[in-house]
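As structure tokens, the next two blocks hold two forms of the same chain, structure 1 and structure 2.
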Structure 1
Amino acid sequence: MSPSRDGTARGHAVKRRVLVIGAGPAGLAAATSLLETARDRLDVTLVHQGHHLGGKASSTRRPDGRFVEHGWHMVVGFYDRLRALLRRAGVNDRDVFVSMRGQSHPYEAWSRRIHTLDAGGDAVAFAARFATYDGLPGADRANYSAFMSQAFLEAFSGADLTRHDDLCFDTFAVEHGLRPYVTKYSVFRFLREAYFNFPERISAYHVLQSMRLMSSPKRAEAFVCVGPWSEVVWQPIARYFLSLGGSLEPFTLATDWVWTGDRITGVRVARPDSAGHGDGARAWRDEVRPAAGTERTLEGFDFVVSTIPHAVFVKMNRAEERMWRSPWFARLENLRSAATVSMTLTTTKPVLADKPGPVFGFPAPLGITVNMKPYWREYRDDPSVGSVLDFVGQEAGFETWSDEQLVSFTLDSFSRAPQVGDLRAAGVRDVELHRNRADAERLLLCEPGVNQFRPGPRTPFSNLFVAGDWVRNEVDLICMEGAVASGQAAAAAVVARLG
């Protein structure tokens, strides 16, 4: 049968082929959304470079069977898209995510104590609660409470918050009446540190957008996963994608685009050199190299959805000046990312057992922790484990430190708080340190002025669409929910292109 001009063959429709690159939150969301929306018109293949699903939010298992997270990941109440996707995959999200009871715990250096901030109540009540927060001296408490009331009013005003993107939140705060030295208190940094692991200067837009999305106690509530993310969250979504008729191919590392005119005609891929190591497929520390002799080109796809992280994307086709001198590609080079670092510390005696939420405000690089003992199923009922402290942070400024220095410094820092005590005396059973330096694991810096350089899902190539937390989307925060929203937006753009 000969094809007709509109892309169909006489007697049946011809499905268009879509290649989705990356099986993190954005890639899984894009791939499933494509088939949920147009499975009768699309043939979707999902490729990803590792063995474990979830991208930066994946997990691995050690030889002894214990799972390891590469930094603890939090779900916030406004993560509606992620929860809905999980439910469509047949998983009850209430069984997967458990609440941290609306608490955060700032360590204030001036008092040398860990204090508690309760996020219960509506936005007005939450702002007013700063007036009774005992981690600030009285005069500073009143000043901070007044500023936070103004910040919440601005966030909920309905105004275009992107106009604040060029300001760092510290500057925004001082311009709105906060005393400059109050920005040094941990409680001032709680949104960017406890919620988004962002210890550097952050765009005022990003913080205000966070406040807007956390508009009620339910939407501000923080949750953690009861088990390994790859197994509990991402694998069920991948199985759902396969049940819709999709194809999944692991150990496929995208290295370059093949293009002619305004179309992507192929994607050069290779097998990662660490792919043969089983559960150690994510064991690389600094970069992911193609394994020798495994290069090939994927061709014949009508559309490509790339969820490749920004730090990887900007290294593709570097020799092609015509591409990288174009306005769309050139602006991507203004975006920066940071290497994250994480550590899981298991102790014999209980530590921070009375602190259900994140504890933060300690010195970098690992200044944030959560005791996961009450939440992770495989540790929760184990009497030989007193606590499972999961630390996260950014490595900037500590790249030359050895692993031993990072671990020792973190133990010393947290041990200064009387509510923690000597961590070494708690009986350290096990330490897992991960310096997430690979480009695929880097975190986009949502620094002041960054949003003008972040792209939307469409690219100069008519059949290439991009997604990921670094791509503009309805949520517009550097988080999993933003990645899911971006993946779904890219899928909608592909379907719209179908006509």
Structure 2
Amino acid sequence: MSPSRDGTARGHAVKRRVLVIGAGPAGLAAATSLLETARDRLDVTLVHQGHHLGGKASSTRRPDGRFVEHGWHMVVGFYDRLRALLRRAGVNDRDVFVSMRGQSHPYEAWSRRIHTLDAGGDAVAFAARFATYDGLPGADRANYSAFMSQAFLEAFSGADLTRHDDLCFDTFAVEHGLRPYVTKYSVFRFLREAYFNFPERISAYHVLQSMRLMSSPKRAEAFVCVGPWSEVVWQPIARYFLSLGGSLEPFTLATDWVWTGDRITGVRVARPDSAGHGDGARAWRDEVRPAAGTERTLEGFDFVVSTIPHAVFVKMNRAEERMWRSPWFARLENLRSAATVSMTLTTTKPVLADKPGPVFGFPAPLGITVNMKPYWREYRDDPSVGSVLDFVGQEAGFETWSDEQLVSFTLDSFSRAPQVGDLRAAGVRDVELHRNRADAERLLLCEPGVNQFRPGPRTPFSNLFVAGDWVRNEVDLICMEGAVASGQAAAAAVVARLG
């Protein structure tokens, strides 16, 4: 059978082959989107280095039934793309994402009290509530409120917020009248710490863009997942991808590009040396390396969509000066990322039972926690578990501390707050700590001036597209929704290239 002049055989279009690398939110979104829009014209293979799906947003269950959390994750009301993708995969998002009742709880050291921010009501009430937060001494409240109102006005104004990217949010605030010391209160610090930008500065663009996307209480409402993310969210999406005709290959670690002229002609891959990312505490901690003797080249693809995280991407083809001196690649070296740290602590007695949302403002590195007991199905009705505290933060400054020091310091600092009480006395049943240091685990820092160096989906290679939370996209925040948006944009770029 010979192809006809228009490249078809017996009237059927010859399918073009697409390789998608990475099965985090961006890779899964890109792979499904390619088949949803052009399955008659595309064959899509998704490869990823580990076993568990979801990348940095994965969490799973061990054979002993315990959760292995890579880091606490929340979904925000404006995550329309992620929710819609999940629904198309046959999962009712309302069944798997539970609201934290619009509440979050800043701990202010000056009063040693955990306060509550309530996001209920309409948009104006929400902005007003945020602006009239009662956790500050009376003398600072008016000043803080005036600034927050201005920040909301700017965020909702429709103006191009990227013009604030070269400024840090603290400076933006002080330039807009906030007294400098007010930036030290937890409620304010949270804006950069929740993006793990501590101790670095966060771009004003990034914070204002978050405020814009959370433009109403509904869009700002925070949700948590009822079980391990890999099983509850990412596996159904992968099954959906397979049902559309895609194929999936785990344990495939991409190490280098093979290229000729302006085309990627192959990808060097190997089996990872360990079980790979996401298979337990150690795998999350260690760098994943190619196992000797397993190297091979994947070839025959027309297009490649890479959702490899930035810190891994910049280590590929390192010996090739020509590539790394070219402007597009050289620019990527201006981006930095951070190692995160997370801890799950189970107690026998209830702790923070009256705080449905995240409690934050405690000292780094694990200064944020959420009691997941009411949310995780496995623990919700288990009377032997009083609370499941999920802590998260950035490792910077604490790299030399031992795990024991980190655990002990965190227990001490939270226990000093009367509303938490002595955590040891609450009966510690289990502690699991993860230092997410491997390149694939690092999270992009949204520092001032960073956006000019973030690429879009297109690359100097005509058939290589990039996606991931670190790639610029319509959402533009370093989060799952940004990664999904970016994956879908890369898929659209491939389809556009098909003509």
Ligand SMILES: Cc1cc2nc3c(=O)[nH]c(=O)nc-3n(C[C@H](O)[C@H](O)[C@H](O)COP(=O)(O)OP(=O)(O)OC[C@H]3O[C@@H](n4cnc5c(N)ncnc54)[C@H](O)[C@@H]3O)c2cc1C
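Here the rigid core means the biggest group of C-alpha atoms that line up within 1.5 Å when the two forms are laid on top of each other. Each residue is numbered by where it sits in the sequence of structure 1, with counting from 1. The model shown is predicted, which means the values in this text are computed figures rather than measured ones.
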Pick one: is 1 or 2 the form predicted on its own?
-> 1
Core fit, then P199 C-alpha moves 2 Å or more between the two structures | yes
